[in-house]
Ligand code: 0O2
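Below you will find one chain, with nothing else, as structure tokens; this is the form predicted on its own, and questions on how it binds or moves follow later.
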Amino acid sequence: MEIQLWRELLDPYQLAVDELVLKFSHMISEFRNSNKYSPIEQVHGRVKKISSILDKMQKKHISMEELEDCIDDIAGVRIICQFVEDIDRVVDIIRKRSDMEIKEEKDYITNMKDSGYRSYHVIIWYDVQTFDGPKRIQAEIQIRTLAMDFWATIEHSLQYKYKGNMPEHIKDKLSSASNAIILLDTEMSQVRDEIMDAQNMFQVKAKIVSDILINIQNLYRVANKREIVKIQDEFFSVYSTEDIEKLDRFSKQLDIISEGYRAQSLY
């Protein structure tokens, strides 16, 4: 196939990847803007390289006519979670979405591969609007923890290097590392509540500080310089206590001051 034809074939898949990454990224923002814990930590996407598509076609004896029907991971999205428990929550979110139709689910966490690979795969049907009209394509969503992703990235690189003929001593090392990853995820799950509390406190504090700084910036336009300096000094004093409740009270007092200046400006 000519290069230009490959580009035409893959363009809708790139569009799907871009849209899916944007949607899941926005989901992260929605959770965090609502001061809620996001089960999604990171999201990445890619369109399978032509060389990888050709390798898969050759390995599975797939013709050009069968390409789009038989290869379901041309468009790929990877969702990274902090904890194993988050994976089920993300899968449930995908199941409930009206813009993604699940074709198949592959649970490699409960049913770990012999190599030690662990991940949850969801194959979806997704509609994109192209220059020639709507097109329904397949996309693979991989959902895994940070630890699982680290292991899978290393394993993928080694598989590429050895072309499926990995030496036994390296396989053994990967197997040991996979067991260590399982232990790590288990240990992290046991302190999940404490980690989530710490992260939520950080998010809440960041939001309060952002609101305060916006208020101070707006006051520069209407208040006198001496009052602004006083407010800033008080803010730094409260911030240094690392007390979120005091910071929140200061923010609410600043809201009242700002409202007072806004009311004056109306008259």
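In this text, all values refer to a predicted model and were calculated from it rather than measured experimentally. Counting begins at 1, following the sequence as shown.
Beyond what is shown, the protein has a form predicted together with the ligand; the following relates to that form.
- Partner contacts here mean any heavy atom within 4.5 Å of the ligand in the model of the complex, and among 191-199, 80-88, 125-133, 112-120 they occur only in 112-120.
- Among the residues 56, 205, 32, 44, the one placing a heavy atom within 4.5 Å of the ligand in the model of the complex is 56.
- Contact with the ligand in the model of the complex holds for none of 227, 230 and 241, as no heavy atom of theirs lies within 4.5 Å.
- Not displayed here, the ligand is kept clear of residue 26 by more than 4.5 Å at the level of heavy atoms in the model of the complex.
- The closest heavy atom approach of residue 142 to the ligand in the model of the complex falls within 4.5 Å.
- The closest heavy atom approach of residue 103 to the ligand in the model of the complex falls outside 4.5 Å.
- The closest heavy atom approach of residue 60 to the ligand in the model of the complex falls within 4.5 Å.
- Along 154-173, these residues reach a heavy atom to within 4.5 Å of the ligand in the model of the complex: 155, 156, 159.
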